[in-house]
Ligand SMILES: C[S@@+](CC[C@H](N)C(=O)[O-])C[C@H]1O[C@@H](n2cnc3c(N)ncnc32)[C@H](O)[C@@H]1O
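Here we start with a single chain on its own, the form predicted on its own, put down as structure tokens.
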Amino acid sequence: MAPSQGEHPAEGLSPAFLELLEAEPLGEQTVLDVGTGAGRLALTLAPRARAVVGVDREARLIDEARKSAAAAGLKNVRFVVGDVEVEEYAPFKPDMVVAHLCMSDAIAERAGRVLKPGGVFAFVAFHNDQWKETGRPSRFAYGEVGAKRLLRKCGFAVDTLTVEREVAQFETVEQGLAAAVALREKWKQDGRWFRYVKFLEEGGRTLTRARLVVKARKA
């Protein structure tokens, strides 16, 4: 989603994640933002970085990102249509690869192949506990052990790995349903809604949001 008028592009991004990135010498680096969407992270980093490239396979979102960059007068950020799980990253010559809620084994493998020793791969991914009340973890979710194993396999040493977790608590079934109403149609399609309703009817009164925040460095 593109930032609405008057909205700062950093809204919706993990503050802890941004702190990890800003601790790096961004002014000397080209940052590759994979799965950039409408460019929220790329637009936030551009004023601090030497250059930023955002890549996403959704042409409509890339068009939104380009318009936002033009409106902000940012000259050091560009947006490219591409599949970050298929294409290699070498043409972009990144010093750092970042991903915000767009994470997969394929992305980690490509980051491992392109980054030089010391290069940073940083991401926010859904944690296995995301929406755990539905009984079905996202296929894009990672746990701490699995993420560390993947990064090690791809040639990275972990600098920071933390879990950001928010657990909403309700007094009634109706409150629990209302909290997830925006997800109802999507969850009906994949079977989660039935599982969540059953969880509430059996006395459950929580809904968990959980994200893994990671910064790793090429060994």
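Start at 1 and count along the sequence shown; that's the residue number. Not measured: the values here are computed from a predicted model.
Quick note: we don't show the form predicted together with the ligand, though the next part is all about it.
Original post:
Considering the ligand in the predicted complex, which of V77, V97, V84, A125 comes within 4.5 Å of it through any heavy atom?
Top reply: Exactly one listed residue reaches within 4.5 Å, namely V84.
Original post:
Exactly one of L101, V114, A147, A141 has a non-hydrogen atom within 4.5 Å of the ligand in the predicted complex; which residue is it?
Top reply: Looking at L101, V114, A147, A141 one by one, just L101 meets the 4.5 Å heavy-atom criterion.
**OP:** Tell me the stretch among 169-177, 185-193, 150-158, 51-59 that has any heavy atom within 4.5 angstroms of the ligand in the predicted complex.
**Re:** Contact criterion met by 51-59 only.
Original post:
Heavy atom to heavy atom, is T44 within 4.5 Å of the ligand in the predicted complex?
Top reply: Looking in the predicted complex, residue contacts with the ligand do not include T44, since no heavy atom lies within 4.5 Å.
Original post:
In sequence order, which positions of 20-38 have a non-hydrogen atom within 4.5 Å of the ligand in the predicted complex?
Top reply: If the 4.5 Å heavy-atom criterion is applied to the ligand in the predicted complex, 20-38 yields G35, T36, G37.
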